[in-house]
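As structure tokens, one chain now follows by itself in the form predicted on its own.
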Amino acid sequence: MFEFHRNEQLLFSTVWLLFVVLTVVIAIGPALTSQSTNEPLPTSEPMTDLERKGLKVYVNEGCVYCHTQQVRPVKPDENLGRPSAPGDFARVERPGIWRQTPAILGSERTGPDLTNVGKRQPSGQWHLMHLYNPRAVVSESIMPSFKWLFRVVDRPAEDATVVSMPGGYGPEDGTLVATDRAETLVAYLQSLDQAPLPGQDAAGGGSKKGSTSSPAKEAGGPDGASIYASSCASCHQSNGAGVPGAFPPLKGDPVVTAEDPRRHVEIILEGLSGKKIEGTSYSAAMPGFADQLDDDEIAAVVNHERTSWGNSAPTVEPEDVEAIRKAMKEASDESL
């Protein structure tokens, strides 16, 4: 009746109309609905200008080719954080009306998911070392080096961020300093810290700090080796040897092998920085895990450290960790 094969104008007009309708229904409509119904999580913070610049570096350097930012609700992802929610990405805005929202979700895990890397690895010095030479902190890493984000100088400026590399991994001569692009990228990575969903505690999972039921406990207790691998090994290394000049060894460390485990537990709970260990100063600060790990998990990782790599020290019970945590809180309250 319409003789599409004879009326080219009608044919192409119909095809164009169908294209526009499908674009609105499949792409534009869902995008507008998603933006209007998914608000940022209540406790999340907008990105700072520095972090936004870091996001641009993250995209420009192709980090999305190997890393994702979408934790799946499956067991292999449990050590990466809670499953991702739409509100996690509501702070990622379009850089301009004619530019699309930066693609950060990724689709391949050649490298680990980075959704919660700011909480899993909050040390800026670690990130800088990892960017300059990933093998310096993760011996089996296949990540390429991003050495163009750094400079080697004879005399660093007073406000320069000096990067301490272990022997054999840094430049042979001169001092390694981070460029502005490296610093903004690290600022962005450190900002990737999952905010808790409504109804969850600050740890993000509802199973920390005294919870009595978790999958690990129901299976017979947390696995200290797995917790160490996901939360500690990137700095202290899988063999407990640490990274010279950056992260102290746990193998043979007097605190780890001490008869009294109190100080060992305290350091894991509150972190440590600015103190010499066996006469050596380390450039990176250790974060505290009081809000990330519950008493059972801390006891498990403490026991793993105290009985591995040739260490042989008395182990602890979750009740011991609970008592130390309580004593630290009471001491903190009294000092206020």
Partner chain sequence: MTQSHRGATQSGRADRRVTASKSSIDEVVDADPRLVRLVFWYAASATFWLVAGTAVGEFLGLTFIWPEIASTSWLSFGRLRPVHTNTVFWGWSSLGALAVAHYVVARTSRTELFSYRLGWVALGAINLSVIAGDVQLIAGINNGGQEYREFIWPVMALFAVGLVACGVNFYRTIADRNTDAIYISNWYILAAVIWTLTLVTVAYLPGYQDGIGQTIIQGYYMHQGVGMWFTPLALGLTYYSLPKLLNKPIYSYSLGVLAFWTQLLFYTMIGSHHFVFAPIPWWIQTVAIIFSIGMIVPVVAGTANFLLTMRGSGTTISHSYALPYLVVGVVFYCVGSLQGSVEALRSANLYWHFTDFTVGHSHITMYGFVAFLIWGGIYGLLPRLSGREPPHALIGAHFWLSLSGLILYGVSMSIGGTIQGSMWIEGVPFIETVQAMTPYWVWRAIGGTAMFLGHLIFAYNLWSIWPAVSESDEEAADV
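Positions refer to the first chain, counted from 1. For clarity, a rigid core is taken as the largest C-alpha set superposing within 1.5 Å between two forms. Nothing here was measured: the structure is a model prediction, and the numbers come from that model.
Missing here is the form predicted in complex with the partner chain; even so, the following discussion is about that form.
Contact check for D180: every heavy atom lies farther than 4.5 Å from the partner chain in the model of the complex. At the 4.5 Å threshold, heavy atoms of W126 stay clear of the partner chain in the model of the complex, well away from it. Put simply, P166 is far from the partner chain in the model of the complex: not one heavy atom of it is within 4.5 Å.
Using a 4.5 angstroms threshold between heavy atoms, S312 stays clear of the partner chain in the model of the complex.
Taken together, T23, A85 and F89 are fully in contact with the partner chain in the model of the complex: each brings a heavy atom within 4.5 Å. Residue-level contacts in the model of the complex: of T48, S44, S273, N38, one residue has a heavy atom within 4.5 Å of the partner chain, and it is N38. Residue in contact with the partner chain in the model of the complex (any heavy atom within 4.5 Å), chosen from A246, V255, C232, V138: V138.
Contact with the partner chain in the model of the complex, judged as any non-hydrogen atom within 4.5 angstroms, is confined among 105-113, 157-165, 261-269, 246-254 to 105-113. Taking a 4.5 Å heavy atom cutoff to the partner chain in the model of the complex, the contacting residues in 137-166 are V138, E140, S141, I142, M143, P144, S145, K147, W148.
Once both forms are fitted on their core, the CA shift for G168 between the shown form and the other one remains under 2 Å.
After superposition on the rigid core, the Cα atom of E61 is displaced by less than 2 Å between the shown form and the other one. Positional change of S13 between the shown form and the other one reaches 2 Å or more at the C-alpha, relative to the superposed core.
Relative to this conformation, an increase of 3 Å or more in the Cα-Cα distance between N79 and Q237 is found in the model of the complex. Compared with the form shown here, the Cα atoms of N239 and P76 move at least 3 Å farther apart in the model of the complex.
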